[in-house]
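Here we start with a single chain on its own, the form predicted on its own, put down as structure tokens.
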């Protein structure tokens, strides 16, 4: 594979870009994309299993999304909705109130990224409840603004030398059944992870001071950890009993990714608010908070305004994205293809002891690589080398949580394309086990 132009550009990139803004896996320089395929500047094609970190659920440059953007920018590119009105924003807000979970009247607040939406939710929860404490979860990733970093508890590099962070944000264990911090067995435990929150409420954290629990329905960057339904229902009951808002952070798992519109719908509970980003506008900068109307009415401008938030071109892209997901039945496709993909990876698990666990919902699948199935020790070297070899063979695959292969392709990917990608992953695992992937790639494939 010839990547000379790509390597040359990477060298130029390294001279001018801050090291804070990239976690490299391979020297991929993208020139164009269509569907589930991307092409680099050297003319090589790749099957995309990353979807730009889950932001391209309807695929690269979907014609309907492109058309919507082009038609809008022909009229006008932007005028801030802080002072004026435009139709795409209203149309999108109406659609978001229709597709998000919750049988109640809703309102929408727009931003630019999932990070600022998380910040906004902290402000909104405190404004509505008059309480200061916010509960997040260990292993959570919510973004890189100050509020989002304060909510996150996944990487020390996010926090080093930039404190103090926002006060009164507290973390409880995420229910990671594969690596239970309490040594319990899945399905046979007493929800010890949740007892930590219950003990806090009983002894040192007055429930009347807790504004909200903000939780990913699947812990994405923790390695696509899916919580047990009984945990979710019990946590929700605690919130409802104590006037605590339950907020579903859907930035990574929303818009059909899990085989439903939103990840929280798998658990049969109704959140008070949802936080949206990434796939909402197929790569255009946009985020949103959708919440109960009475919650939204508790804050006033300029509590959460941005000059370029809710731009008409981003809103037009988002409206088109929602329509494509509906018209092309991508939610059902995500569900059925996701079940098939999980079965294929379970087949590889039966073949390779390196694979300790396969988990996820829809086309949001994690393949957990371990040094030993009994100890479940993470194998970051294996993940890095396998992802690099996949890139060399034409598949864009990354890992997070140090060892979990991240399988989140565009929802438009076909079964045939997915089979081809998994065959390449299979071959990369064989190459790794045979010692055919040199250590030099670890200087490039750093990841999380």
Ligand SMILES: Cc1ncc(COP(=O)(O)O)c(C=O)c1O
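Everything numeric in this text was worked out from a predicted model, so none of it was measured. Residue numbers count along the first chain shown, from 1.
There is also a form predicted in complex with the ligand; it is not shown, and the following applies to it.
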Residue 113: touches the ligand in the model of the complex, heavy atom cutoff 4.5 angstroms | yes
With a 4.5 Å heavy atom cut-off, would you call residue 143 a contact of the ligand in the model of the complex?
-> yes
Check whether residue 252 has any heavy atom within 4.5 Å of a heavy atom of the ligand in the model of the complex, and answer yes or no.
-> yes
Report whether the minimum heavy atom distance between residue 176 and the ligand in the model of the complex is within 4.5 Å.
-> no
Contact stretch among 200 to 208, 341 to 349, 114 to 122, 239 to 247 - heavy atom within 4.5 Å of the ligand in the model of the complex | 114 to 122
Is it true that 216, 221 and 278 each have at least one non-hydrogen atom within 4.5 Å of the ligand in the model of the complex?
-> yes
